[in-house]
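Listed next as C-alpha cells is one chain, alone, in the form predicted alone.
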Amino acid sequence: MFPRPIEQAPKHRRLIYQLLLPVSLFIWLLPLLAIFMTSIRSAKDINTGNVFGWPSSFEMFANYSGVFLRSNAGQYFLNSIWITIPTVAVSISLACLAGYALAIYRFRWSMPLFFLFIAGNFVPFQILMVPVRDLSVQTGLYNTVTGLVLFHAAFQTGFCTLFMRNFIRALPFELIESARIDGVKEWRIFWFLVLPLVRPAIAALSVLIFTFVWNDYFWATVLTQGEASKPITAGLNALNGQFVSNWHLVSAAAILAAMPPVIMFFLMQKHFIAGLTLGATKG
C-alpha cells in the first residue's frame, strides 16, 4: 500500500535513483539558474541575443544595486513586509482560536461551521475579483496596505482553521479533561496546554502562509494602483521602461524577492518538518 523506502530497494534500482536524482534536481533548478544568469548580465548581452551563452561581462553589483536605485524597490519590500507579517499573525491567531473551538467543544453546528471554513478554499479566486475589488473601493480600502492585509487574512483563515483544527483534534482529549477536573480555566488550558503542544504545527503553517502571501501577484495587481502600496511582486514591472525591457534588472529583483521565503524556510526548517510529520506515526 505504501511505497518501499529506497534503502530497501534492489541495488540496481538504488544506483538508478542515485544517478537520476542529480539530473532531476538540475532540470528542476534550471529556470532559477537561467534567471540568476540573466540577473548578472549586461543589457548589451540581452539586446544582442546573448541570453543563454556566457556573459560578456558580469554586472552583478550594478544590476542588484540598480534594482533599488532605478525603482521604488525598497518601498515595495517594506510594503510586502507590512502585508505579510500582520496577515500571518492574524490568520494563525484566529485559526488557533477557531480550531480549538471546533476540535474541543461539542455543539450542534460544529460540523456545518467546519465545512463552511473548508468550502471557502474551493471557491476559484478569479470569480471573486470584481466583487472584492468593488467592496474594497466602497469601504475605502482600495490601494491600501490595510486592505491587502484584511483581504489576505480573511482568505487564509479558512485554510489555517482546517489545518489547526485537525492538529488540535489529534491531541489526547484526556489531557484537557484532566485539566478541567483540576479546575484550570479554559483560556489557560488553551494558552498553556494546547498551544505548546501544537507549536510545530503553528511553525509549519507560518512558513506556508508567509510563502503564499509574499508570493501573491494576482491580488496585488487587482487591489493596488500606484506605487504607495504595491508589494514587491507587483512592483517588478516598474523596472521595465515604456520602450525598453530591462530584463536584467527584473531578474535581479525576482531573485531578491524570492529570498525572504527561502530564508524563513531554512530558519524554521526543523519546526516545519516536525509540524508536517506531527501525528504521522502511532504509539
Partner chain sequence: MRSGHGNSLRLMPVLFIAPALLFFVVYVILPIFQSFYISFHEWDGLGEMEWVGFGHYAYLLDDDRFYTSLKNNLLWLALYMLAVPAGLFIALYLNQTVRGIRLYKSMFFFPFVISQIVVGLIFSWFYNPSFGVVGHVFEFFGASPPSILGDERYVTYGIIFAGLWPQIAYCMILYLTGLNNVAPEQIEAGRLDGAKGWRLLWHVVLPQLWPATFLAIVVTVIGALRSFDMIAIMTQGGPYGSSNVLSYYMFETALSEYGFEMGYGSAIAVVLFLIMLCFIVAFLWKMYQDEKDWR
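Residue numbers count along the first chain shown, from 1. Rigid core here is just the name for the largest C-alpha set that superposes within 1.5 Å across the two forms. Since the structure is predicted, the reported quantities are computational estimates derived from the model, not experimental observations.
The following text describes the form predicted together with the partner chain, which does not appear among the structures shown.
- Think of it this way: in the predicted complex, the partner chain has a heavy atom of just one of Ile81, Leu195, Ala89, Ala154 within 4.5 Å, and the residue is Ala154.
- Although the partner is absent here, Ser65 is not a contact residue: none of its heavy atoms lies within 4.5 angstroms of the partner chain in the predicted complex.
- Not displayed here, the partner chain is approached by Gly158 to within 4.5 Å at the level of heavy atoms in the predicted complex.
- In the predicted complex, at least one heavy atom of Ala98 sits within 4.5 Å of the partner chain.
- In the predicted complex, no heavy atom of Met60 sits within 4.5 Å of the partner chain.
- In the predicted complex, the partner chain lies within 4.5 angstroms of at least one heavy atom of each of the following residues of 251-268: Ala254, Ala257, Ala258, Pro261, Val262, Phe265, Phe266, in sequence order.
- Relative to the superposed core, Gly53 undergoes a Cα shift of 2 Å or more between the shown form and the other one.
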